[in-house]
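Given as structure tokens, the chain that follows is alone and in the form predicted on its own.
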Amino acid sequence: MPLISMLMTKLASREEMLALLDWFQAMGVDAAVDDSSCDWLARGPKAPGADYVWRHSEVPSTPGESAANARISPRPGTAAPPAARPRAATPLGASEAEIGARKIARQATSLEALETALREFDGCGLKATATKLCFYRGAAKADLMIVGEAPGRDEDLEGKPFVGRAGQLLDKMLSTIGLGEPDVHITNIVYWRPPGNRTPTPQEALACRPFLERQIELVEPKIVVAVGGAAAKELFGVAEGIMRLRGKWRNVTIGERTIAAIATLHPAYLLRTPAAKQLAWQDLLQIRSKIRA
């Protein structure tokens, strides 16, 4: 982008350029929004869209027709605007999306059918900004199912949950209790990456909840592990923080089954706070004992 290029040329060292790129990524600026750049600074004080006016005769009057689809006529002497790209479907309201999702999810008789339904589902606003759907990785049927918070940048690029640094640590944690990817089913409470890796909103989690419940029914786990505070709150329907929730067994009812569940610390938190790994190790020992029982 021109703004980024201009900033780069004014930086004195490679370290400053890398620091700027890290800052952009931390702010969620990690992908292009268009195929070609636009130098807004070259426009001067003129506001975007100042060259164009609505032709009132072309504003749609048919009920239900969006004014956003009306044609725009350029003023004399100016170039015609480029053809607009089709806009993504507007996400449904939270309750409407949840009702529609529940009906769709119930019809899925396999994980493949559930993934297809998710790809066609437009009720979660995260889909409009994400690159790929992140459904699950691991075994289709597993005694242990791990549910995290949301995909991150690496997951969004690869289309699988827990494949970045946090996912690599999760794999190491599982290996300490004798489990590998073929032994577990790994997913998240939402299936698309939130912009800037923010925490999913309750509305976004609600829209995805019916698919998650159906996914749990199809996987048929004996144990569900909620990884991180957001996943634990969503699965358990509670408001306490992860430090109060972790390490305590409880039952969750999904469909007609009651499943043993426990919460533990998110690997991303452990990367930032290595001293907390001893708490995660205690949780892993409980999980190992429960699986072997």
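What you see is a predicted model, and the numbers here were worked out from it, not measured in a lab. Start at 1 with the first residue shown and count on from there.
What follows is about the form predicted together with a small molecule, which we do not show.
Residue contact check for Glu204: none of its heavy atoms lie within 4.5 Å of the small molecule in the model of the complex. Though the partner is left out of this view, Phe162 does reach within 4.5 Å of the small molecule in the model of the complex, counting heavy atoms only. Using a 4.5 angstroms threshold between heavy atoms, Gly123 stays clear of the small molecule in the model of the complex.
The small molecule is not shown here, and in the model of the complex it never comes within 4.5 Å of any heavy atom of Ala97. Heavy atoms within 4.5 Å of the small molecule in the model of the complex belong, among the stretches 206-214, 106-114, 173-181, 152-160, to residues of 152-160.
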